[in-house]
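To begin, one chain is listed below as structure tokens, in the form predicted alone.
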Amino acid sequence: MPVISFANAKGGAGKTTAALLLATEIADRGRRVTIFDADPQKWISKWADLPNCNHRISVISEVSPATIAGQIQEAAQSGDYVIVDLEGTENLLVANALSMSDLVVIPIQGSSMDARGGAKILSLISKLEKIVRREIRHCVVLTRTNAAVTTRAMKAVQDSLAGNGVDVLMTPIVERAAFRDLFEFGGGLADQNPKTVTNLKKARENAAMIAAEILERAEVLPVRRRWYQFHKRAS
């Protein structure tokens, strides 16, 4: 029951798109997903009201700094996956959610502004690890990239991350109309019509590869879950 959070201290980095792509990929595999929509824009909550929402995905939009940790723990004990879409800032709610996460995914576009927002989350994770006394696994996914061209700014971001030893997914999220259409028409990529959606096949391949890389990192039984299971059996 991994908890996967998407965070960047700068808005517009592609957190919500990345979170939704992962959730729909997991649900299409027959697993149950709870999404905590902690972004003030509530795009995932709006998506959930559109047609074709997968019944294996439940969306919780009522969260607060005081409740988020307990809500995540409860959802993690009753479902298969928990995904948290966090707001583009640093605050107590974000810190509390990150402290409960088994994996934090930091979406970054090819810009210095996004990189600085990502660096703030990396710094926050480092501080939280000392408080919770465990490793909080994290990685970066590059977003809204061009399938054909790597810009100078993107190359600079990649070089900076690599130089600092940051785990970066091999697969970036390419800018695709199919990803934007999810928020207009609902459902997942499997529900889209290839006759009306440009490059849908490539979009589905991109999403599947992203999901595979993230889940590979997240599906190690977390330390706190082992602790919970041990004490539950002992009681």
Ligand SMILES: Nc1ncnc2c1ncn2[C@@H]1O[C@H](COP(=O)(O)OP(=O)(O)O)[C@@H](O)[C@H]1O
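Quantities reported herein were computed from a predicted structural model and do not represent experimental measurements. Numbering starts at 1 and follows the sequence shown.
There is also a form predicted together with the named molecule; it is not shown, and the following applies to it.
Only one of L189, I26, I173, A38 comes within 4.5 Å of the named molecule in the predicted bound form through a heavy atom, and that residue is I173. For a residue to qualify, one of its non-hydrogen atoms must sit within 4.5 Å of the named molecule in the predicted bound form; none of S5, H138 and V141 qualifies.
In the predicted bound form, F179 approaches the named molecule with a heavy atom inside 4.5 Å. Comparing 179 to 187, 196 to 204, 27 to 35, 52 to 60 against the named molecule in the predicted bound form, the single stretch with non-hydrogen atoms within 4.5 angstroms of it is 179 to 187.
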